[in-house]
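Before any questions on binding or motion, here is one chain by itself as structure tokens, the form predicted alone.
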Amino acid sequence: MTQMAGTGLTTTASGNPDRPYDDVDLSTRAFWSTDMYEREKSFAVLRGRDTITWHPPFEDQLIEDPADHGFWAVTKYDDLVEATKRHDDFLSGPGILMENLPVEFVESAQSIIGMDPPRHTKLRRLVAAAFTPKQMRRIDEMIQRNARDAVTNLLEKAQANGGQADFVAECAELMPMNNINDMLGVPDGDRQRAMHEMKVATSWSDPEMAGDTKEEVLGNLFRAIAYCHELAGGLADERRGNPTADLISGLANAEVDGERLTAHEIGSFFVLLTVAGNDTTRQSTAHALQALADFPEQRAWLLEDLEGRMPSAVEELIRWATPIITFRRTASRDTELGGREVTRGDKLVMFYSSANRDERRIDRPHELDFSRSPNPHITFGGGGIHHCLGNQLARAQLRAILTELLTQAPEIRPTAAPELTPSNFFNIVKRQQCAPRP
């Protein structure tokens, strides 16, 4: 391995002297075991390269691919937006994760975010048909109720436990779990099991959740996905004959150009919505608790006009947390991005957490500013065909839970550092002890 003077780049066993690996580490589990502040130091260096950079494959993957020679890191805001909008050049179908996972797992879990046109176009239209104005009005009332219940539960658990409770388990994950399962029409009992299985499916790097060996992890991943497909399939069969006012009924009976979703497509979308609707809101809420403690002047400003200032605060917390850290694309042809030649089949990893702190597009990106306006964060994507379909749902959930939390327990504080789960996809807070103090 030879250092290229003055460039920060290194020639490597990639065998291509014109494409040396960058010397900034994005490919080891040690890097992804640090927190977002430590990782940002590396992203800042890469943004300073003023181009996309080439890195070794992620180490010690569940599925080793001899043909995997590395990935392009897209860390700048403008490059990420461009890559997102060029869906013909940079495909989602080959996979959206930084790591190689089994094809069967990818097919069963990604739904529309792991598809390209024309399949993506058809399925997105089918799914969007289930999000009617009537559904969204019903969802809003449900969100308010579940937010109140989650905060009440947190206060009760803390009171019974000497004034402290795990904020993640007793509040942050409870509200979106009930929201998403109410939306889908999943009965009580099944929803708790579905939530557990999805936590397993999204924590493949956490031995406590997924297992210690690769064989154990892969087995647990497949069992988790299989359970959710079976649950969704059974519910869809029921709703086709007896539809109710829930999303599973909408998905099971929706038609576009005379076509309906298959059982596999419903199961895959069920997994996607369960993961995206639960995990992203859970992480944003958990990171918000720590942010409110770390920036007391912002908390005070927000509390002066909770209702009026909450919308802009939510946008800033979504940027700050960036609950989805990365998405991958694969080049469909030889092309160019950020002044670099990209070869057909190359992987590109888009680092949203870096782009949301790009000084070129975000003023004072390392400051939490609830009054930030405009706030051009790209937490929900940089535009294009894969812009998050559930972005308004995510905003509504975070707005409701924070409003309820700061109304019922305005002095809530974390009492320990957050326990994080190493991940190069989700920005996961696993546990967070807090003192709600109503």
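All residue numbers are counted from 1 along the displayed sequence. Being a predicted model, the structure only gives us computed values, none of them experimental.
This next part talks about the form predicted together with a small molecule, which is not shown.
- For the options M36, A44, L389, A396, the residue carrying a heavy atom within 4.5 angstroms of the small molecule in the predicted complex is L389.
- Residue-level contacts in the predicted complex: of I113, L155, L91, I362, one residue has a heavy atom within 4.5 Å of the small molecule, and it is I113.
- Site residues H120, T280 and T379 are all in contact with the small molecule in the predicted complex, judged by any heavy atom within 4.5 Å.
- Though the partner is left out of this view, Y352 does reach within 4.5 Å of the small molecule in the predicted complex, counting heavy atoms only.
- Residue contact check for R148: none of its heavy atoms lie within 4.5 Å of the small molecule in the predicted complex.
- Within 4.5 Å of any heavy atom of the small molecule in the predicted complex lies no heavy atom of W204.
- At least one heavy atom of I324 is located within 4.5 Å of the small molecule in the predicted complex.
- Contact with the small molecule in the predicted complex, defined as any heavy atom within 4.5 Å, is confined among 266 to 274, 298 to 306, 209 to 217, 186 to 194 to 266 to 274.
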